[in-house]
Every structure is written in structure tokens, then in C-alpha cells.
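Here we start with a single chain on its own, the form predicted on its own, put down as C-alpha cells.
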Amino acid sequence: MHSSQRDFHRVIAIDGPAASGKSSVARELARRLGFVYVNSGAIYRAITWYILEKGIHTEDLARLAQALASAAVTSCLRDGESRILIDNVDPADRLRDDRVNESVARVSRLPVVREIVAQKLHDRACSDDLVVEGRDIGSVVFPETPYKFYVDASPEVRLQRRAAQGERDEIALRDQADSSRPVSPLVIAKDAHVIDTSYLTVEKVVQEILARLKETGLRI
């Protein structure tokens, strides 16, 4: 059972599609505020890596659920960032492998996986102030936080950013998978502040978020 909202520390939700700039913005915002930075996508990628390492097909739901039930999924803090460990292994260096890129969308749509990730985020929010980036943070995981932002950019700009990062996943396919999945699809939370980052620097976006946070009463 998830913790109640009143048990949580302050949570700033940064949602958006792939290559929208949310990682850079969330990390810098957390640094400015002294909050813990959490990349929810890294948790999905770590779980995907673990499943692939175990040789489990992503469609074998029974075996997948059994493996995750016995896995020790924990987190630790390193340089102000939350890092995910599975059976005491930190797979950070493998999270962008091609095979993980190709499978993470399928794995992340599974309810059992989303429940694990949400619970880990809730656990961390019970002990720390957080800046959490993802795709359903403001809409599903922390719907009651008053600090919600949705960052986006044009498809062309996002493709350029992805290519510059050396990534080869297809933006359009990822968008379709994120928006059409039956569990926690990518949506703009009704009370989120939307920012188009297409032609803004990270600094400009962070400044806009900080100004908005002051307006909503967050002590900075």
C-alpha cells in the first residue's frame, strides 16, 4: 500500500516526452534547491536491464512478475541523486544500451513494473525533498503535489537532441507507446505549468520554474 500524501516531503514533478530537456532541467533545479534528483526513467531502465540479464522475454508476464517479486530493488543517494540498485548491483552504465532502449517501452507499460516504481518513489519522498522527472509523476505518482511542470519541445528539436546524445530510439514510436499505453499514459496534468523548451536554454527553463515555484508558495 502506498504512503499517504501527508507523509511526503516536498515533491516537484517534471513530466514530458523523450528528449524534451526534462533531465537537464530537473537535475539543475534539484541542485539549486538542495533537493534530491530522481530520474524515474532510470528505474524503469534498471528493471528492464535486470529482466534482460535474466534472459526473461518481456512478454512472459508470469516469469517476469516472479523474478521481480524476488529481486531486491533498493535505492541509494550519490552526489544528491537517487540511484537504483537491483540485488545490490548498480546498472547505471548499462541503462542506455541498445537492448534496453529497444525494450524499456514494453516493460514500462506493465502494471507490476509501474507499481514497483511508484512505490520506490513514494518511499524516497517519505525521507527527502525531491525533484522527480518522468512521464506520469504529476498525473499519477504524486497527483496532489502543487508543484507540477510539463516540459516539451518540437519533434524536430527533440530528434536533434536525441541524435546529439548518441541515442537511436525513434521519437515518434516512443511518443506513441508512452501516450497510448493503458496504464499511466503520458498526459499533461490538468494543473501543470507547461513550458516549451525548444528554443530555451536549461538556465532559462530553470529560472521560469523557480519563478513559478515562488508564486505557488514554495520557500526557496
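Note that the coordinates shown come from a computational prediction; the quantities given were computed from them, not determined experimentally. Each residue number is its position in the shown sequence, starting from 1.
There is another form of this protein, the form predicted together with ligand CDP, and it is not shown here; the text below is about that form.
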Q: Work out which of the listed stretches, 44-52, 188-196, 149-157, 60-68, brings a heavy atom within 4.5 angstroms of ligand CDP in the predicted complex.
A: 44-52
**Q.** Joint contact, Val38, Pro91 and Arg124 to ligand CDP in the predicted complex, by non-hydrogen atom at 4.5 Å
**A.** no
Q: Classify Arg27 as contacting or not contacting ligand CDP in the predicted complex by the rule of any non-hydrogen atom within 4.5 angstroms, answering yes or no.
A: no
Q | in the predicted complex, Ile84 touching ligand CDP (heavy atom, 4.5 Å) | A | no
(Q) Under a 4.5 Å heavy atom criterion, is Arg161 part of the interface with ligand CDP in the predicted complex? (A) no
**Q.** Touches ligand CDP in the predicted complex: Arg114 (any heavy atom, 4.5 Å)
**A.** yes
**Q.** Within 98-128, the residues that have a heavy atom no more than 4.5 Å from ligand CDP in the predicted complex
**A.** Val104, Ala105, Ser108, Arg114
